[in-house]
Ligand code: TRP
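One chain follows as C-alpha cells, the form predicted on its own.
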C-alpha cells in the first residue's frame, strides 16, 4: 500500500518558539517516525514575505528555522526538508492555477486575513490575501492528507479542502482533502494572557533556545491572581476549538490574571503532568498556590525538555556545510513529486 503524505512548514521569522514546537514540530516528529507516512517539511519563506520583512532578516530567519528543525529531531533520512523558495517555480505556479477557483470574497472573509489587516493596516497586499491559496498549493502539490499545524490554521485548511474538491470536480483530478494532525499543545496561548503565543508579540513566547534564567524571567511576568478562590482557569473547555474560543472570543469576559493562570496550568499539565496540575487545583481550593514556586518548578521542567534540543543545535551550528546540503537534498526529493503534480494539473486544465 502506498504511503500517505504529510506536509508542514513554519514561517522563516527566526528561531522557533514553544508554540511552534508543541503545535507543529511535535506532530512533524510523530508522523516522521510513522512508517505509514512520507513526510515533507519546509521552511515557509515565501509565506514570510506576505507581511512586512527585511531581506537580511529573512535570510537569517531561514537558517534559524532549519537549525531548530534539525535540533528538534527532523531527520533527512526520513523526511524531505527544504526551503519553500527553492521550489517557488512550482508552488507559486500551482497557487496561480488554484486561484482560478477561489473568489476574492471567500479569502477576504477569513478571520486570519482580518486579523492581519488589523495588525498591518498599511500593508494589505495581494500576497497576504492569497496566503491560503499558496498554503493550499504547498499541501496539495505533494497530495498530502495530513498537516501537523496548530488549530489557528484550520480556516486555511478548510480553504485547501474546498480547492481540492473544486479542482477534482472541474478537472477530474485526485487531490486528497487534507486534515490537521492535532498535538497535545495544538494551541499555546500567549504568556501575556491575551491571544496566542507569537513571535510578533513581545513577551508572549519562549524560544527553544532560551536558557533557564531566560525562561524564569519570562514566566515571572505572566499575570496571576491571589492564588486562592474559584478555579477560573478550569473554565477552559476540553475541546481544542473551545479552548481557542476561551483564549480568543471570550477574552473580554475574563481578567488578564485568570487568563494568565490558565496559561500556567496548561503548561504545567504539558510539562509536569496531569497529577501535578491536580495538586495545584487542590492548593487553589485550600491553602492557596505560591505562584513564585509554581513558576520556578515549571521553568525547570520546560528547560529540561529544551536542553537536548539546544545541545544538538550547537552541534549543527558547527557544521555549516552539512546544514546547507540538507536543503539541497530536500529540495531535490520534493521537486520530483511536485513536478508530477504540476504537469498533471496543467494537462487537465489544457495548459
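Bear in mind that the values here come from a model prediction, so they are computed numbers and not experimental data. Residue numbers count along the first chain shown, from 1.
There is also a form predicted together with this ligand; it is not shown, and the following applies to it.
- Contact check at 4.5 Å (heavy atoms) against this ligand in the model of the complex: all three of 47, 131 and 147 pass.
- Of the candidate stretches 309 to 317, 39 to 47, 59 to 67, 289 to 297, only 39 to 47 has residues whose heavy atoms lie within 4.5 Å of this ligand in the model of the complex.
- Interface residue remark: residue 15 is not counted as part of the site for this ligand in the model of the complex, having no heavy atom within 4.5 Å.
- The shortest heavy atom separation between residue 135 and this ligand in the model of the complex is within 4.5 Å.
- Among residues of the shown chain, residue 23 is not one whose heavy atoms approach this ligand to within 4.5 Å in the model of the complex.
- Taking the partner from the other structure, this ligand in the model of the complex has no heavy atom within 4.5 Å of any heavy atom of residue 19.
- 153 is the sole member of 224, 207, 85, 153 with a non-hydrogen atom lying within 4.5 angstroms of this ligand in the model of the complex.
- Residues from 302 to 341 do not approach this ligand in the model of the complex: none has a non-hydrogen atom within 4.5 Å of it.
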